[in-house]
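As a starting point, one isolated chain is supplied in structure tokens, in the form predicted on its own.
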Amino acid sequence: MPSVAFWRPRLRGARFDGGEIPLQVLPDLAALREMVIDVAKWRYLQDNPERQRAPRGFADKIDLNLAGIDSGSAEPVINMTTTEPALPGIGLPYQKFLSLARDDIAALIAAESENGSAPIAEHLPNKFLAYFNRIGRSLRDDESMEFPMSNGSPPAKLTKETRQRLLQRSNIVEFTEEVTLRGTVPEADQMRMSFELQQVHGGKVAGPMPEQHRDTIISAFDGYKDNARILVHGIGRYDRQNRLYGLESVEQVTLLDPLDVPARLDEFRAMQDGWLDGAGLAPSHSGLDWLAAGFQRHFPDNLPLPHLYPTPEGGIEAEWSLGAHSVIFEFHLDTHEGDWLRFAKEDDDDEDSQTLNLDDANDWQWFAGEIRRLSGAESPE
């Protein structure tokens, strides 16, 4: 089949720094293909007002395919293919309209990211915005999908924030988003294959119970009175006020350790200033987000987890009992520093302390290395 280079969007963010694209991003590209073809049909009808519908070739004779990933970068190479031969001097049939659709979509994203008040109708009819319910759904806070501009301008950047603004402009009554939730299971219905998750911080959300995850969910349900918790990764359903009210799908379910750090940090989100006899600052939500992300990124899974407590100054204190030693580590959520204190249980003179910069991966590495050494945990291979 004839094939020509069509598009090279680029993915940016920590997950893509190694030049690889996680498989969960591929549905975004599949939705992008659908949008390009749909907009191309609309473009064709704009140029051919005497026609009531686009030719069947848009549906069964052309396609967009992932031809590869550009070496060294997370840049999917998308080609246009067709079952029809290229026309001499003209190229592939319908290529013009797919190219126009590609440029329209990039211009739409650029306009929204640069000027959120620009009328969408200047670029595309409002109905096409519903595609962003799936395009960009896998993006995280620090990530973007960049689309080259035909006029040579800087690439159009689709971020999580830009996507949400586009969806707010659309006519859809709900939108979907990748979610990672922690909580208990107060209800499970094996006949309907559904369950309810009571979030550690937040309300209840209901979702389907996939067969492959049923045993884990039922185990958490049986352990509800003992506060058994699970981590659920899936697709959440939100209303136009950005409120999570259900799960569209469940992709991963994991039983959590009773000391799971992100779950414990979520408990502190309900705290308010004055929690300690009228004094005591509540930890900031942004600080809790930072600390949860730091633990997940830098603290190996095979190391013992700490007991966590809030401090009167609005920080978090972590405590480990590691054989003959105890460790207290105070996290300062405002400065992103941490105070390390290790002391021997039987020797008052055997102790050490220092302050770490927890925006520095090397300091996290030292911190985790010390916990590994004191606990006797094996080093990762």
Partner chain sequence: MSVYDGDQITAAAAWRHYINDPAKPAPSGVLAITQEECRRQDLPVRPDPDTFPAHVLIDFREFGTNRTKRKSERLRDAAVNRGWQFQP
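The term rigid core refers to the most C-alpha atoms you can superpose between the two forms while keeping them within 1.5 Å. Positions refer to the first chain, counted from 1. These numbers were taken from a predicted model, which means no experiment stands behind them.
Missing here is the form predicted in complex with its partner chain; even so, the following discussion is about that form.
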Tell me which of 48-56, 32-40, 348-356, 62-70 has residues with heavy atoms within 4.5 angstroms of its partner chain in the predicted complex?
-> 348-356
Non-hydrogen atom contact residue 26 with its partner chain in the predicted complex at 4.5 angstroms = no
Using the partner position in the predicted complex, report whether residue 319 sits within 4.5 Å of its partner chain, counting heavy atoms only.
-> yes
Looking at the partner-bound form in the predicted complex, is residue 203 within 4.5 Å of its partner chain by any heavy atom?
-> no
Would you please decide whether residue 309 lies within 4.5 angstroms of its partner chain in the predicted complex, comparing each non-hydrogen atom pair?
-> yes
Among 187, 226, 273, 142, just one has a heavy atom within 4.5 Å of its partner chain in the predicted complex, namely 273
What residues in 313-335 sit within 4.5 Å of its partner chain in the predicted complex, counting heavy atoms only?
-> 317, 319, 326, 328, 330
Core fit, then residue 340 C-alpha moves 2 Å or more between this form and the one not shown | yes
Against the rigid core, is the Cα displacement of residue 324 between this form and the one not shown at least 2 Å?
-> yes
Does residue 34 move its CA by 2 angstroms or more between this form and the one not shown when the core is aligned?
-> no
